[in-house]
Each structure stands twice: as C-alpha cells, then as structure tokens.
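The chain below stands alone and is given as structure tokens, in the form predicted alone.
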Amino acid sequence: MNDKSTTHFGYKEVDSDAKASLVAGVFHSVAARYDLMNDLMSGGVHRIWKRFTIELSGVRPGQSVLDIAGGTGDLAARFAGIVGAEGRVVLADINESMLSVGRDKLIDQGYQGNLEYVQADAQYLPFPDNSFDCVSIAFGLRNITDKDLALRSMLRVLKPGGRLLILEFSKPTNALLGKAYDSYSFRVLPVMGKLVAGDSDSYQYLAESIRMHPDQETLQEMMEDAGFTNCEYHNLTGGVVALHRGIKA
C-alpha cells in the first residue's frame, strides 16, 4: 500500500490511526481464552514452534531479553528460566488485557524476581538504546501498523551482537497445504472462536491478518532494510509458520 495514512485491518482498509484500537478490541476479546484457543487451533504444535525459537535464540544465563507482544507469557517464562537470577526478562504487550492475563499466569506459576511487565507499543519501545541481548516477538508483528518502524525500534534497543527473533504465521510452501490451510482458517477457526471464546469476528480477523502479512522473503528484506545483518528464516510446519532471525551489527 502506497498511502501511509491507511493500512490493512484484516482485509479491510482503515485509517492507520484507527488500526491500533481495532486490534486492541480483538485482543481484549480473546485474552481470557487465548491459551486454550492456541492449543485448539494448532493442536498444541505452537509449543514446538516456541521451543524451536528458544533454541535458536542463543540466550544464556545473566542476559537481558525483551519479549514483545508477549501475550500470556509462554516465551517469557522459558527465557526467565534460562537467564536465571542474574538475568532480566521484560514481557511487553500493548494490550492491557493480554498483559494482565500473562502477568497473573506467570505469578501463579511462581515466576518472580527476574521478570518485568511493561505495557508498550512495539513501534516506540520505551527502553534505552543497546538494552537487550535478545528481542523476540511471537505472532505479534502482523498486528503492528507500521512494521518498518517497529523493526527499527527493535534494532535500537538491542545491544551490538544482539538477536531479533520473529515467530509468525507465513506462507505455506506447498500449494495443496496452502489450500487446506485456507479452508481450515476461514471455515473452522471462526466457528471454533464462536464456540470456545464466544467471538467469531476476532478469529475471522486473525485469519485475514495472516494472509496480509509479508511472506518469508519479503520479511527478511524488511529486516535487512531496517539494519539487521545475517538475516535468515526457517520454515516450520511447511511454511505455515516461519522463524526469522537477524543480528544487530
């Protein structure tokens, strides 16, 4: 899209200034059943995708990690266990409902001391330059209005040599898989959302937002344009999901 004053909200074209509040409405609605729906929608495979992300992060004890759009804290909890008492993990999310659910869940699970919770916009991260050894964002980039701005913000807060990891739905590499995935996304997910979360519209949006997200090669180019080096991606589950990684020089 050439006009920066408008952007996509699913398949709809909306004012750029309005997208954040529309996305917020989606996640306020789904927050309470977010974990359950993730398990149902992916058959639990999202846990394997996240485990792979942790493995490629290279995070070590004592390091600092920022998990953007951290939602209900799956990645943040794993990172907190790795960095230990001398490390620091910040779970950031722009959505108050998601952040609240994630904080309550992790506190209930006994995570304290090295975990912080910050309500933050990924486009304007409220952290000093060169603050983190690793920045991760799982299934959140596609909901950001200005992805280029967000990528530059992530680069800024990373330390030199720090890693960015983007786990996101992407484009299936097999046409037959792509057709099956489309059918599942648009026929099954909204019905599942209605039955489990009482909200079919939000899951219709989520399916549409996946289709509007840049494909693997395009996202890698966007990372390189933002200033990341050694960018690469790994297709997971036939490209239904991809993990992109880039380094701050």
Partner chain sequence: MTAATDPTLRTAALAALEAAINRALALDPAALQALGRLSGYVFAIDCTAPALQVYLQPGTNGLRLMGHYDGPVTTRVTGVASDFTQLASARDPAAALINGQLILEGDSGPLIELQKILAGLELDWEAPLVDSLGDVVGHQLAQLLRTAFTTGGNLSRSLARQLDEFIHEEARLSPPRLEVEDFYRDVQALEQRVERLQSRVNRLRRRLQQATG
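Everything numeric in this text was worked out from a predicted model, so none of it was measured. Numbering follows the first chain given and starts at 1.
Below, we refer to the form predicted in complex with its partner chain, which is not included among the displayed structures.
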Among the candidate stretches 62-70, 184-192, 207-215, 35-43, which one is within 4.5 Å of its partner chain in the predicted bound form when only heavy atoms are counted? 35-43
Whether Glu55, His234 and Gly238 all lie within 4.5 angstroms of its partner chain in the predicted bound form by heavy atom: yes
With its partner chain left out of view, choose which of Val118, Leu149, Ile82, Leu155 has a non-hydrogen atom within 4.5 angstroms of it in the predicted bound form. Ile82
Residue-level question: is Ile48 within 4.5 Å of its partner chain in the predicted bound form, judged on heavy atoms? yes
is_contact(Ser202, its partner chain) in the predicted bound form, heavy atom dist at most 4.5 Å: no
Is there a heavy atom of Arg142 no more than 4.5 Å from a heavy atom of its partner chain in the predicted bound form? no
Please run the contact check for Arg163 against its partner chain in the predicted bound form: heavy atoms, 4.5 angstroms, yes or no? yes
